[in-house]
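What follows is a single chain, given as structure tokens, in the form predicted on its own.
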């Protein structure tokens, strides 16, 4: 009962925030009913995917203060688990999903124990190295299709909820929206849980946290596993949504960095930060990329624009967009 109370408790947020969050939730629920293009629907699905990615990264990167730049490897594990089990053994998505999450979490425990002996930029570099090594292994592994990847064949009994194969994108939209809400409620519980407070203490001063009896090493490993479960779940969804996966698509360094940027831009260590970051970066990336990509000589200009925005925000407010909002509120009160 106490767990449920903390999960659904948003009482520490101002009423204005809850009203805005309610309006956004309502918009997300009715979006498929509104006039929209297929490109807009694809952008919304990507927004929800990266929001969940960011929520996961936020547990270890935001609350724990550990800059993980290798999260794409767990996206790949989730995606490949689902794809391989569907293609070779006809296992439904809803069965392969938890198996992929379990495999990813298991791998995170194997890596987490030695990795969290490192600190600061040494930890960040190590996560990049491990992720790139795993990507190279998958590119040379014929069982998972090598560098060409895998293509999930369309079933004759479409639409199929069990195998997550639909003709209309709005079905995929509501599936990822469900994962989005589950993730949001879980993170709200997580930040108020014992490990959430332990991680914030470790982030502020690890030595003091240890002196208070907190097992910092084990707390970081557990948070790392939680973050891994989030991204692996979306990785499994990614496999079914795109039907085709390859190491460069699901395990690249670009994806790992983008996941971290979503949370850091929006506000690492806050509940709404990853969602805000995804709401800014995903549409900007898609629409500016499509716009400049259609103009000769302007390819890549979109990357320069949103990279500049990220640097400006980081320079003025390390806590991201949510930190700017908080600062404005405090200035108005004073």
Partner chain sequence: MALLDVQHLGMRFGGLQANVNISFQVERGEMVGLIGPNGAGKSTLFNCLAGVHNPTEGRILFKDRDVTGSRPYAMARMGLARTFQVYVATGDLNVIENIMVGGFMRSRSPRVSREKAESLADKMNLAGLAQERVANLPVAAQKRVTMATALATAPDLLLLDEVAAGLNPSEIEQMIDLIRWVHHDLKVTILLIEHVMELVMKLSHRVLVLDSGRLIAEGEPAAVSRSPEVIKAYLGERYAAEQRGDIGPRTSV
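Residue numbers count along the first chain shown, from 1. Keep in mind that what you see is a predicted model, and the values were worked out from it rather than measured.
The form predicted in complex with the partner chain is left out here; the points below concern that form.
- Contact with the partner chain in the model of the complex, defined as any heavy atom within 4.5 Å, is confined among 230-238, 179-187, 83-91, 203-211 to 203-211.
- Though the partner is left out of this view, residue 215 does reach within 4.5 Å of the partner chain in the model of the complex, counting heavy atoms only.
- The partner chain is not drawn, but in the model of the complex it has no heavy atom within 4.5 Å of residue 160.
- Using a 4.5 Å cutoff between non-hydrogen atoms, residue 148 does not count as a contact of the partner chain in the model of the complex.
- Although the partner is absent here, residue 242 lies well away from the partner chain in the model of the complex, with no heavy atom inside 4.5 Å.
- With the partner omitted from this view, the residue of 165, 108, 250, 198 that lies near the partner chain in the model of the complex is 198 [heavy atom within 4.5 Å].
- Residues are counted as partner-facing when one of their heavy atoms sits within 4.5 Å of the partner chain in the model of the complex; in 226-244 not one qualifies.
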